[in-house]
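So this first bit is one chain, no partners, the form predicted on its own, shown in structure tokens.
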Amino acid sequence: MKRTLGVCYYPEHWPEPVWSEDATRMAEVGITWVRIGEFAWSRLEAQPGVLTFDWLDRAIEVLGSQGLKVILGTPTATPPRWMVDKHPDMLAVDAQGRPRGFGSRRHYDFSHLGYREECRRIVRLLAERYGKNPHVAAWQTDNEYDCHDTTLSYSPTALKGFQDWLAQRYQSPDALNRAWGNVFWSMEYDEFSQIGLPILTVTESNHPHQLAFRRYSSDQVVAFNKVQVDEIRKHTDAPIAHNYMGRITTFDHWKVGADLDIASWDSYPIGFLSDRIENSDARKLKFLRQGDPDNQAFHHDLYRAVGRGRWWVMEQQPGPVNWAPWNPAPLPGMARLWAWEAFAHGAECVSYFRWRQAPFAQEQMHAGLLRPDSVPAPAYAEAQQVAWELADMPDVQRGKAHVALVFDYESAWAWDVQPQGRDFEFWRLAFAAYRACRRLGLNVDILPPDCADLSGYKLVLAPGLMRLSDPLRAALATFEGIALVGPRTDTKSDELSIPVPLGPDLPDCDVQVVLAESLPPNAKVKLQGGGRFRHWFEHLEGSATVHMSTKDGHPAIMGNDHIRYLAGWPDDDTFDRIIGYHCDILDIPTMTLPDGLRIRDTDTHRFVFNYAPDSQDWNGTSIPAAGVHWEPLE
């Protein structure tokens, strides 16, 4: 499929005579796709039932007349003021019991069925009007589910929905009491209507109670999204996407993605560096204007999997953003590098946010391809350069990966509600494993937790899975490579209780976790031959072979020829060593890359990306800071 560029545009923000000039300039830059409409509900329906589509008709026609393809967003992330007046209980409620008010965006509760029906109605009207429009070539549902911590709502609506959900899941209060261990502390219930939301208790709420609420809340996101998808599909065959975010685990993206055609995500590397990625102060300073060298790639690979091979970047940072604690400008060249890295990971489209910087409201400090006065901003020329390069570059397909990483949202919820150590987080553990692979120059595929086929891989990493699904367990039983699972994998039931016999239950591999300890930042477990565990260490027993030991003789890795259990969370150097050791066994080529230099192999080319703030050498080629180099694979 041809790789293309896009841009996010808001015709309702600009005088109508400007639209034609903007569309002409977009086409001249090399833009193919234009996303519109996702925040325009108040201009589409200023009062209940008073619909005004004529301006959107004209905007779509203006864009289409220049050969641009429109991605039409549903406007449900920003319900207008009259909607809140009509449904005052649609507002989400925070964990302190406070309603989240009108005046910004995402002011709705996913579980509110009245608002859900309002969304069905406006999406149906849009789909009826534009489903066959030749210029509307793709759709986007809502915008950035969970942005501003909006998956979890503790409203009366959510309480009633949660109680109904529990009744369907458990069928009887007795079954729920047994599953949750409610005999502990006399927490037993006689009726589902007695069960509250897991907040504002004297000490922490029961862990399976919290986990159940996470599952319920995720299901509400899935149902909310499906309502919109079902309405759109009645009227068009155009693909439907949602724009996910970075480092968001509060809902199950695999389940949302099952109803969509394309997964997209919003990539803000510099904002994420200061806001969402753990790094030392020195490292954050080094990559201040580039972003973490592995964060974008991780999400590219994750959303490629969520989209079952089809994925886009719906919003690509072009300059300073407005929402991070600090908002520096990218190094010259980064808007080009980020785009090419996405294409190397298989993106069909990279869409810059936004076309023109807004001179008003909350995002006026967020840069675009144009300044507020319509003069090109620095990323304008870089986007144009990428378009020229795409025209000269043959289509590249996703390169083969010998390594796979299993990623599971339920496990993220489990360790959020029962971390057992202040710095234990599933996302961080999975990302640490992924980073080690990147430092070794490896392509990585990310797999869902119910993956039933591992035959295309040599090395599979499964860190921190609360439990192994039946399909994955069966796949591991016949896997001919090496699966490195753990730490903390398959050591709990799906209700967060300790199973007896003790886990993990690994196929033909006698290993049990008999004790788990979390470690403060200043404590490490040293390994024989060098290396250390941090954050987490498990004591193992069993008859399986010990493949690595701690310095004081405890098993660090136990297993057989094809499945091995990792008993701790390695530091970065140790993760490199462990994964590199297993790659050597499996004849997977690795390399030691300079800090900030990263590679990605496609089916025909090797791409080299320099995230470092200075030039670096690659096989005799000097790659400048923020530089991209590609060469044919032999």
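Numbering starts at 1 and follows the sequence shown. From a predicted model like this one, the values you see are computed outputs, not experimental measurements.
The form predicted in complex with beta-D-galactopyranose exists for this protein as well; it is not shown, and the discussion that follows is about that form.
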Any chance residue 266 has a heavy atom within 4.5 Å of beta-D-galactopyranose in the predicted bound form?
yes
For residue 143, is any heavy atom within 4.5 Å of beta-D-galactopyranose in the predicted bound form, or not?
yes
Evaluate residue 55 for contact with beta-D-galactopyranose in the predicted bound form, applying a 4.5 angstroms cut-off between non-hydrogen atoms, and reply yes or no.
no
Mark residue 315 yes when one of its heavy atoms lies within 4.5 Å of a heavy atom of beta-D-galactopyranose in the predicted bound form, and no otherwise.
yes
Which residue, 102, 323, 170, 192, has a heavy atom that falls within 4.5 Å of beta-D-galactopyranose in the predicted bound form?
323
Of 353, 298, 251, 407, which one comes within 4.5 Å of beta-D-galactopyranose in the predicted bound form, counting heavy atoms only?
353
One stretch from 228 to 236, 151 to 159, 362 to 370, 426 to 434 that, in the predicted bound form, holds residues within 4.5 Å of beta-D-galactopyranose by heavy atom:
362 to 370
Restricting to 20 to 42, the residues within 4.5 Å of beta-D-galactopyranose in the predicted bound form through any heavy atom are 39
